[in-house]
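Consider the single chain below, provided in structure tokens and representing the form predicted on its own.
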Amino acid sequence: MASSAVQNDSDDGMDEFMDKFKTQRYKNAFTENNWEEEFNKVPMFMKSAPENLDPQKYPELACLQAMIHDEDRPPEEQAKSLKDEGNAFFKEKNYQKAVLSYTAGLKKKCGDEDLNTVLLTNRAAAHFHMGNMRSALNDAAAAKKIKPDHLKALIRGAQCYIGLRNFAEAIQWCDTGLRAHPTDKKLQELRAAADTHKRAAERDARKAKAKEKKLHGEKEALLAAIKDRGVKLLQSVKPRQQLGSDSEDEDEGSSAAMAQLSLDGLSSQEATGAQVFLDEQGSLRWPVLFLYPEHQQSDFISAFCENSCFTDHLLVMFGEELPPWDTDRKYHPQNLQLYFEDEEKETLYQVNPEMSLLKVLQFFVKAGTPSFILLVNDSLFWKQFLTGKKIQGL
């Protein structure tokens, strides 16, 4: 009977307690507007960790952090808690904070080799995702030193070497891993990828070397053809005073001469990249610039054959149709005088338009680009331009 009375008392009390919910609202309940915010304060349901931890706003998280960083616990426990913290940051793709947590765990210097290996491989993964290939590789190598057959360390090291384009080392790491884990698909895939990249890199290197050798041969043949014709190259590169041998002296001179076989200081868009070359018939073709100082204009011929005369080009340039800048219509081939200038001697040389380009080039070529001045004979500008200048004929 006593028991029955207690039960009745209990039932009566529960009924009274439940009745309160019909008239009173629970003060700490979540609302429709704040339930997501409140849930995000609970560590279990957090979508991401806060940047700045406020103990007043996040008391539960602050308590967990205090437990993780409790210095009174054994180093192994502290390192494991820091590893878990780093893993949480890693899942959020906050790799920088993950690195800090793993580093803090390694600083505990616990004696658990398995845990230290995991901390190193996890930190390597975080570094890898941040693009820090060298740091990731260093961690993978450190983990491999502790446990030579650790699968994740071997995979991460191979990935880093592929990222660094050191495919031979990547293959070695994969081979080491496959000896311990012969059926691992990830290692097999990485080795296949590294081998493919290695073959492609070797093929590209062979192509580049063959191309370089071909270009060098073409340049040597070009320089020999220029020298055989007695063409003078005005070199701006001063030879070294002391060289080890005659062959070095010859190589230095060859390099200096070849450096001049390109356009220098021309702003004409058509001239960009043009240079002297040997055509299929073995004739030299030169980039040639014609200057018209009276009108501040110019013409560029990218491949002037050495055997062609200046008249051949002048008849084309000033034949039936004169250029639009020649408003006075006076630039006819028979009215033009042709000069080239030796800047060092401050001398103008008058060129007979019936001469071939080669004949003129046997005086000198500056920077591989012959430049000629065209003036209208007996014009006022012609007289002013030539006043005070030394003039010689070819």
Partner chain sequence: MLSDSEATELLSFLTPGTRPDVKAYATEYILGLSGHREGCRFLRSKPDLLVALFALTSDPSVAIVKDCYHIFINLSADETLHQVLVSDVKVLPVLLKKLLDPEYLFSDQICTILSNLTRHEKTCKTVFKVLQEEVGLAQLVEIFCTEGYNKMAKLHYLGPMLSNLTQLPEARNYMMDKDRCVVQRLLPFTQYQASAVRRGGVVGTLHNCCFDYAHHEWLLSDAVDILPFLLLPLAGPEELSEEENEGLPVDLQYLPEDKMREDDPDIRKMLLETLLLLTATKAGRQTLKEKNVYPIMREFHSWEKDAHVTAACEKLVQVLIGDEPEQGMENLMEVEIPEDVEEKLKKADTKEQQELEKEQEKRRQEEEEEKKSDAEQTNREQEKGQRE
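Bear in mind the structure is a predicted one, so any value in this text is a computation, not a measurement. Numbering follows the first chain given and starts at 1.
Beyond what is shown, the protein has a form predicted in complex with its partner chain; the following relates to that form.
Taking 175, 114, 76, 220 one by one, only a single residue has any non-hydrogen atom within 4.5 Å of its partner chain in the model of the complex, and it is 175. For the residues 132, 188, 94, 311, the 4.5 Å heavy atom test against its partner chain in the model of the complex is passed only by 188.
Annotated contacts: 179, 182 and 199 all touch its partner chain in the model of the complex [non-hydrogen atom within 4.5 angstroms]. From the list 314 to 322, 104 to 112, 200 to 208, 274 to 282, the contact stretch for its partner chain in the model of the complex under a 4.5 Å heavy atom rule is 200 to 208. Among heavy atoms of residue 213, some come within 4.5 Å of its partner chain in the model of the complex.
Along 94 to 109, a non-hydrogen atom within 4.5 Å of its partner chain in the model of the complex is carried by no residue at all.
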